[in-house]
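Quick heads-up: it's one chain on its own, the form predicted alone, in structure tokens.
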Amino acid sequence: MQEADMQKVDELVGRLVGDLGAGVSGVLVVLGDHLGLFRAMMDGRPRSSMELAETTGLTERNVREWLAAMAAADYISYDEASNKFAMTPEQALVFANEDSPAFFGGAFEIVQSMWMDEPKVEEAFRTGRGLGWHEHSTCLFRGTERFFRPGYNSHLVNEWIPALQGVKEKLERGAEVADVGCGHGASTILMAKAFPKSHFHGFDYHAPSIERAKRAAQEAGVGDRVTFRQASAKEFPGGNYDLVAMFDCLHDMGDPVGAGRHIRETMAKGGTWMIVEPFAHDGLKDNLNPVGRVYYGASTMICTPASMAQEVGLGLGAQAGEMKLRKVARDAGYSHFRRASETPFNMIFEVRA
């Protein structure tokens, strides 16, 4: 065994204490989210543990400990003089307001699923058989929708679609749109609300997600212009689509090239394939940063095993980068591939035959 530099050990342990605290706090964020504790505090009014317990109908002693833990994490604020707790406007945007572009509640539910499904992923490592999306705990499906929805709300209609040549105009006039890998339908419904003259078709192989998407469309009042159907990316029905969209799911597919070929067959002349993928550079070294850390972790536990559980099992991973995604499009028969937009968390590509 190599001799260790104890100063470096101390530095590493110091970082690990912070990481351990973050892991523990994540569980408490999920707990507070599910119990409505954050929502009860989002007005910013200082409250004692007893007041919050009475508001939420929970046990004061448990609430008191949760408040102390959240204050220690600096996720809520504590005033020693009054012995009361409150949320700043910034904290409320992150933990209590699901419509906020900074809402993080869903992200912690995704992490919850990683812990819960670790034994399944361990088995996938040993056998190489992968782990299908549908084999994960339900908190993954709910968390994914809640995590990605704020970003779609902020960017999809106002930035990403206008960045695609001629697509916004088609949608305004009336177009046929397929949302492949739609999950709970957040992106589909958002587009339907923004472009009332167009028709939208959401497809996902996961039946429970499709059922949830159908209910969400009715709740949003767009059920007359949105249909959801269980179907895979290589088998969804054609419809002369002017736009086929894939949001944060192409890298999860076992055969993304095959999916791309099928999309080309279903598109109208001059149609566009919009690919939204997690932001990544092409080189590993350039992805060794806080965002890459999150995405590589999610890819290890969710995305890569999901791809490996399917036919071909290409295993692109959530940090594929533009070069690999461009190759998928080229291999699928497309001649036009352009990065149309980006955020710190996503890359948006315009693909045409």
Ligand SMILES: C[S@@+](CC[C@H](N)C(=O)[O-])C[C@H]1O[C@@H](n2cnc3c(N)ncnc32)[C@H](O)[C@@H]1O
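Every value quoted in this text rests on a predicted model; they were computed, and no experiment measured them. We number the residues from 1 along the sequence you see.
What comes next is about the form predicted together with this ligand, which does not appear here.
At the 4.5 Å threshold, heavy atoms of Ala92 stay clear of this ligand in the predicted bound form, well away from it. In the predicted bound form, this ligand lies within 4.5 Å of some heavy atom of Cys249. Contact check for Phe85: no non-hydrogen atom falls within 4.5 Å of this ligand in the predicted bound form.
Among heavy atoms of Ile263, none comes within 4.5 Å of this ligand in the predicted bound form. For the options His136, His201, Lys170, His206, the one in contact with this ligand in the predicted bound form, meaning a heavy atom within 4.5 Å, is His206. A heavy atom within 4.5 Å of this ligand in the predicted bound form is found for one listed residue only; from Gly271, Gly258, Gly183, Gly105, this is Gly183. Within 4.5 Å of this ligand in the predicted bound form, a heavy atom is found for none of Asn287, Val294 and Phe349. Note that among 263-271, 250-258, 121-129, 69-77, the stretch whose heavy atoms approach this ligand to within 4.5 Å in the predicted bound form is 250-258. Applying a 4.5 Å heavy atom cutoff to this ligand in the predicted bound form picks out Ala231, Ser232, Ala233 from 207-236, in order along the sequence.
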